[in-house]
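One chain comes next, on its own, written as structure tokens: the form predicted alone.
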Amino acid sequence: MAGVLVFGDTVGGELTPVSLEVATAGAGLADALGESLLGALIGDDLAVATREFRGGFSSLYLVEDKHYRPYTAQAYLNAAQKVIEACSPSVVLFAHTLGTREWVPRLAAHLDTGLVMDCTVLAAEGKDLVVTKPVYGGGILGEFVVRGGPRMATVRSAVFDPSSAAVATEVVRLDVPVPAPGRVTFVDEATVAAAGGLKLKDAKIIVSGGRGLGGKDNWHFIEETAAALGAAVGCSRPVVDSGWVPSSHQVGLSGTCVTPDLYIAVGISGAVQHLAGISAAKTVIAINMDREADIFTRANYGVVGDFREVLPAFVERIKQLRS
């Protein structure tokens, strides 16, 4: 049996938006390979996620049990392996998330097969799977031919449009035995309070500050500008490392990769990890005292000047236009 198998991603039993994006990627690849499209979900209380996981799958495989909450990598690895054994796909796709970054490479090692992570393009050349991903901090796009059986890839979020195809025509429930305890034991789970304001991944406008602000006392310039624009607040990694704001605001490869219509970078030098995180932004405006800052290589518009003069004038102009 062959096919393209797409694993959906759930949090607390709810389907995440990126799952439908991976379904779109899988559908295009299945058409190109001339194979069927299959879906799979792993977790606890999947009734809602099953209804929402739209991709036009010929079959949707479910592994549902209470022991998948709380999450452990070994449990998900074991369940995914059983799904793959049940349907023998030629290609397996996953969302690129914190969870899959942990357990999918281990799954590939168990299956002794090829895996490429964080892909932005998936293509078929004959029967070959050819994928593209950013490398060297996003400065270069690398193209890879994936070998093995099944060939595997994780897909970056906000690259493909969400699928609106029909729900699966067939739902197959698999009874997977609980794996024996591994070397990692779940002890406790703590929920971190969500940061206020808009979420970075959903924001159409983001105002970000960097180390060039000089100190936490100047952070209010970022917050006031974001409030005037109805924007989300972002930052570079040094700002988080210095304790000015929570890590949920961090933009970049080690934070959140964002896709806003407008990204305003204030006092951000433009490290490659940060530039990779804003590669999908439609318009970038940079404000920096250093005219040689790397952020200007990505900016559509740039201001060389003191943010303490530029931002208040900008905010005042916005207020005038809206009055």
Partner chain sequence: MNILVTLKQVANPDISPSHIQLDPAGKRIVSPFGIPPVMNGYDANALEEALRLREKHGGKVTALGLGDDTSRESLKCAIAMGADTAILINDPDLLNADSAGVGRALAAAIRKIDDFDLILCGRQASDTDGGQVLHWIAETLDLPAVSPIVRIEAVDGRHLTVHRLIEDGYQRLRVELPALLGVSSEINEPRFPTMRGTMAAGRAMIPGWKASDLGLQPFTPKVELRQLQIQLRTSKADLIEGNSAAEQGAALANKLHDLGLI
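Computed from a predicted structure; not experimentally measured. Positions refer to the first chain, counted from 1. In this text, the rigid core denotes the largest set of C-alpha atoms whose superposition between the two forms falls within 1.5 Å.
The same protein also has a form predicted together with the partner chain, omitted here; what follows describes it.
Trainee: Looking at A166, V184, V178, V171 here, can you tell me which has any non-hydrogen atom within 4.5 angstroms of the partner chain in the model of the complex?
Mentor: Filtering the options by heavy-atom distance leaves V184.
Trainee: Of the options E85, D161, D241, E224, which one has a non-hydrogen atom that comes within 4.5 Å of the partner chain in the model of the complex?
Mentor: Of the candidates E85, D161, D241, E224, D241 is the one lying within 4.5 Å of the partner chain in the model of the complex.
Trainee: Give a yes or no on whether every one of R51, E64 and V258 sits within 4.5 angstroms of the partner chain in the model of the complex by heavy atom.
Mentor: Judged in the model of the complex, none of R51, E64 and V258 sits within 4.5 Å of the partner chain.
Trainee: Pick from 282-290, 22-30, 54-62, 37-45: which stretch has non-hydrogen atoms within 4.5 Å of the partner chain in the model of the complex?
Mentor: Of the options, only 282-290 has residues within 4.5 Å of the partner.
Trainee: Is G13 a contact residue for the partner chain in the model of the complex, using a 4.5 Å heavy atom cut-off?
Mentor: Because no heavy atom of G13 falls inside 4.5 Å of the partner chain in the model of the complex, the answer is no.
Trainee: Within a 4.5 Å heavy atom cut-off, is V121 in contact with the partner chain in the model of the complex?
Mentor: No, V121 sits far enough from the partner chain in the model of the complex that none of its heavy atoms falls within 4.5 Å.
Trainee: State yes or no: in the model of the complex, is some non-hydrogen atom of T113 no more than 4.5 angstroms from a non-hydrogen atom of the partner chain?
Mentor: Yes - in the model of the complex, heavy atoms of T113 and the partner chain come within 4.5 Å of each other.
Trainee: Should K199 be classed as touching the partner chain in the model of the complex when contacts are defined as heavy atoms within 4.5 Å?
Mentor: Close contact exists here: in the model of the complex, K199 approaches the partner chain to within 4.5 Å, heavy atoms only.
Trainee: Which residues in 102-132 have a heavy atom within 4.5 Å of the partner chain in the model of the complex?
Mentor: The stretch touches the partner through E102, P105, R106, A108, A109, H110, D112, T113, G114, L115, V116, M117, E125, V130.
Trainee: Quick one: core overlaid, is S242 moving 2 Å or more at the Cα between this form and the one not shown?
Mentor: Yes, S242 moves 2 Å or more.
Trainee: Would you say whether G148 is displaced between this form and the one not shown, judging by a C-alpha shift of 2 Å or more on the superposed rigid core?
Mentor: Result for G148: no, shift under 2 Å.
Trainee: Once the core is superposed between this form and the one not shown, does T225 show a C-alpha displacement of at least 2 Å?
Mentor: Comparing forms between this form and the one not shown, the T225 CA shifts at least 2 Å.
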